[in-house]
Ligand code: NAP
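Just one chain follows, in the form predicted alone, and it is written as structure tokens.
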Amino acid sequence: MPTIVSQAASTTPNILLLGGTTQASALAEALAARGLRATLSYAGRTAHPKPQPIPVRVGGFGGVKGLAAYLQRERVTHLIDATHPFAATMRRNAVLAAAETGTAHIVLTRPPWRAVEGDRWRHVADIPAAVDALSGPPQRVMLALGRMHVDAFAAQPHHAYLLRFVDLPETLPDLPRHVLVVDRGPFDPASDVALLQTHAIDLLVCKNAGGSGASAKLIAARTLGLPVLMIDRPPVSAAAEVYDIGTALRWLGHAADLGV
């Protein structure tokens, strides 16, 4: 991992926080508690995002050029990318826009999950590879992917799919055989065991998002001895990665006063 160099505390930071994760929300609270100037940006895919203690903007920037223009126009000094580990386009745009504008930049993310004893994981590189991996006999498959990628699995229509979304979508997924559960985490292993048993799931498909908040389904699969098709993260960019709020605050130069 690249070395994290603390930024000079003498320069009052103006922070753009790219969010949409629980880590972003936690960092937003820490920034607000310190009275730091910061804006949290959402892509806008969640209908009812959690209220935040700092100003919020919703929507895209218009690619690298649009983000670079925003950084310059708003005089952003520090860019913290706390988007989902699979938000590859946004992560790439942040790297390039920060380089173009000379904006200090880090990625705040979760460490990836690692298989432990009892796990039955098969790794694939991306969504198309996961779709191809389902070319076998019919199964009852839980797609723990959010709503962005599930329509790709219509290419394997012989399976019965279980979906779990945060919000009810405006249009139903393009899967001929599916059950949709609308629920918001964090989830616990016992309830996910019950969910997998209720729907007689044979296989869990998920992205390696990492962290503890979304790991219940993996513990449930391990408990039940179910196989997991694990979609690996996109390649890591050249940006420095940190895994906790304290390191991000030290990078900003504002760590100690609240015990972080």
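Fair warning: this is a prediction, and the values are worked out from it, not measured in the lab. Note that residue numbering follows the sequence shown and begins at 1.
This protein has a second form, the form predicted together with this ligand, left out of what is shown; the following refers to that one.
The partner is not drawn, yet in the predicted complex one stretch among 114-122, 80-88, 129-137, 101-109 has residues with heavy atoms inside 4.5 Å of this ligand: 80-88.
In summary, among the residues R233, R57, R222, R37, the only one with a non-hydrogen atom within 4.5 Å of this ligand in the predicted complex is R57. A single residue from the set V242, I15, L252, L18 has any heavy atom within 4.5 angstroms of this ligand in the predicted complex; that residue is L18. Among heavy atoms of A32, none comes within 4.5 Å of this ligand in the predicted complex. In the predicted complex, this ligand sits within 4.5 Å of a heavy atom of Y42. Using a 4.5 Å cutoff between non-hydrogen atoms, A190 does not count as a contact of this ligand in the predicted complex.
Contact annotation: M148 falls within 4.5 Å of this ligand in the predicted complex, judged by heavy atom distances. Contacts to this ligand in the predicted complex (heavy atom within 4.5 Å) from stretch 193-211: K207 only.
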